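Only one chain is shown below, in structure tokens, and it's the form predicted alone.
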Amino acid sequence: MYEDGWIPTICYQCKAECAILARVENGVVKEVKGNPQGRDKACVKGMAGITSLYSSERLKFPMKRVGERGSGKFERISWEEAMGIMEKKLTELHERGEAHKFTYSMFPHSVTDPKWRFVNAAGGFISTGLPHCDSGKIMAMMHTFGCFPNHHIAPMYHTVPKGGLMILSGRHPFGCLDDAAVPKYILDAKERGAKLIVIDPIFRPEAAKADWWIPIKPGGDASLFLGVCHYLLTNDLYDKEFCDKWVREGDMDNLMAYIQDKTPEAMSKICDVPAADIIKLAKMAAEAPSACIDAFKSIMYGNAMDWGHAWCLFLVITGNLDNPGGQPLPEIAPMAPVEPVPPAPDVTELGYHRSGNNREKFDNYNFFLQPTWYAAQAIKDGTLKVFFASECNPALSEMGSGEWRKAVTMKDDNDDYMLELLVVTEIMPSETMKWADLVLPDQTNFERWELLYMPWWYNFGHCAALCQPVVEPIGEARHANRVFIELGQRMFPEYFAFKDDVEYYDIELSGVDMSVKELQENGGIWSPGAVGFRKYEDKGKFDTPSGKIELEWQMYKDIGQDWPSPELPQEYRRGEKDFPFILVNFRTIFLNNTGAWSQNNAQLRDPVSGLDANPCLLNPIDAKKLGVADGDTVTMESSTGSVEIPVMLTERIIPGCAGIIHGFGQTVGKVASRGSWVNDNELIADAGSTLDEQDLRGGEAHVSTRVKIYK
């Protein structure tokens, strides 16, 4: 079955899922490189995938807990016993009328991911790390344009013309979750004469390549772009023809009224960007043939809806929708449905697993997936009883990780765990695994079948790609999709009336007249081969209720969110006296996932060729005030916790901020435990304890918080 040679498959060292070729020799993967049919690029993480595949720490057999949760004591069991445990508990939950108290935290690889299908059939909720990154901006674009955007809504940099503007706002494509080809496309566009502008409190590799680095106060992006919009609108520098044709009647007049006091001078006081620079940016946007924005960290500071709304206003008034170099409105590959499709539970009726004083207002935002980070709160409230996790590591990667660990060990009056079953599928030992009742060995991308066509990620917005096994799996490892198809066949045969995952993907591919076998023969990638622009012109409308672009969010008028607030998230406007610094985390090319396969990768965590340390970055101006020298160990304390960490002095971070890398802190696994360093989520508050204004503005400040620093 497994042949030697260069075999196409998909990388999964991060969630960008780039198309790669794996060189197999005598049944062993020897080398990885980019697939020429899929942009021909691979990064250092992708090439380190072989190290994960052959790690001595691979989980090989199902295990069940034999000690208390968190003790890390397990015994080997059979797959049959593991399946029986899950089936029994879910059946019991269903018979109690509490099926919706089951959540599966995962990263769905397609809109019809078999795991997601299983959750719907079981009556539970899907829970991903996705919403806290993206719900705010996704909902902003859906409200304004009516589109279902790409996960990162990334511009197509290869279409940016000479003179076009590429604006990275808290975005690190040179070392984050992006298609490996993105850095090359950005640099190619620069070579053609496009301009790169980086807006970020930290000077990262993108800033080093930029024409202009704009340091900004965390959370200030909405105010910055509202100042830009003010200048464009009040100086008649906006795209009047586009707005007259496509914006809903009355919205431009209302926008003009709303924007009157959002002057560059006023906005400068909020974002700490000089008014002259706001005006300069506005003039550049007005003169450029195209402008696009790519944002990531900046939508995680606690005002994602406001920032997303301001972002949309900028794109509309500059006429940069679905044009070369602007904001693409993506298409979804037309896969065939696998009938019958299990209906999803009614989230509005059953309620999310969250609570708070502003519940009624919060529900107005219609987050379409269950946020992962409310798990701790939901366990305490008794609204979460069964929790499955795949390809995520909430004990480490979710804000308030200490509170999560505490919640999963809470017991009721009968001395039973309040969370009745915790199941983890994982490739290697993870922090979350320590607290699990069942541990199921998962397969790497070199061992499994998977069809990828969801527009979550940059590289699959207009195509489908096949992850296929190129070598025999290690031990008894099974891919989570196959596990939950089998469990679905046992519990819900009406929705799982197909042989296996390959047949499932065959049915889906029939929508584009393909099959898994044909996809294999075609190099593992299907694509229509063209990207359309200005698709709304062909349709004659946008997919909004009015058919036009809706700048004013009238449905939020009653709660005062019909226009974006320029104010910083509340997290940064309170506690400044006690906690004068703003902690901001960031990611690197060596470590940008929090899954165990990345944490414990010896190649990526090598102190010479990789990255094995994450000291606190501090500006020398602040260090002088604190009496701290380079290399000193300091205490960093927030309202939630404290950590001990050495400092690295650098002018690459603005005064008033402290930077550490997200994803460190794991204590499990040989490589990670060698130097676990600190976990930023020990300092960032659990979301369930901070359900207030920030929720109403688009999520908590989950990559950042206020801290104090002392020796």
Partner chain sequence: MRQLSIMVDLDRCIGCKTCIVACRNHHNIIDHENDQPGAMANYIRVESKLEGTYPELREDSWVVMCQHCKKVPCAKACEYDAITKDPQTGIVLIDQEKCTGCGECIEKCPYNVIQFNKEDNYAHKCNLCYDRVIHGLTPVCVDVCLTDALSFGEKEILLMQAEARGKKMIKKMSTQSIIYVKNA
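Numbering follows the first chain given and starts at 1. Small disclaimer: the values here were computed from a predicted structure and weren't measured.
What comes next is about the form predicted together with its partner chain, which is not displayed.
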Any chance Lys380 has a heavy atom within 4.5 Å of its partner chain in the model of the complex?
-> no
Close approach of Asn26 to its partner chain in the model of the complex, 4.5 Å, heavy atom | no
Give a yes or no for Gly610: in the model of the complex, does one of its heavy atoms lie within 4.5 Å of a heavy atom belonging to its partner chain?
-> yes
4.5 angstroms heavy atom contact with its partner chain in the model of the complex for Met335 = no
At 4.5 angstroms, heavy atoms only, are Ala99, Pro469 and Asn481 all close to its partner chain in the model of the complex?
-> no
Just one of 38-46, 677-685, 660-668, 66-74 has heavy atoms within 4.5 Å of its partner chain in the model of the complex; which?
-> 38-46
The listed residue (Gln561, Ser390, Gln603, Thr588) that reaches within 4.5 Å of its partner chain in the model of the complex by any heavy atom is Gln603
Could you tell me which one of Ala180, Leu440, Leu384, Met166 places a heavy atom within 4.5 Å of its partner chain in the model of the complex?
-> Ala180
Can you tell me which bits of 643-677 touch its partner chain in the model of the complex, meaning any heavy atom within 4.5 Å?
-> Thr650, Glu651, Arg652, Ile653, Ile654, Pro655, Lys670, Val671, Arg674
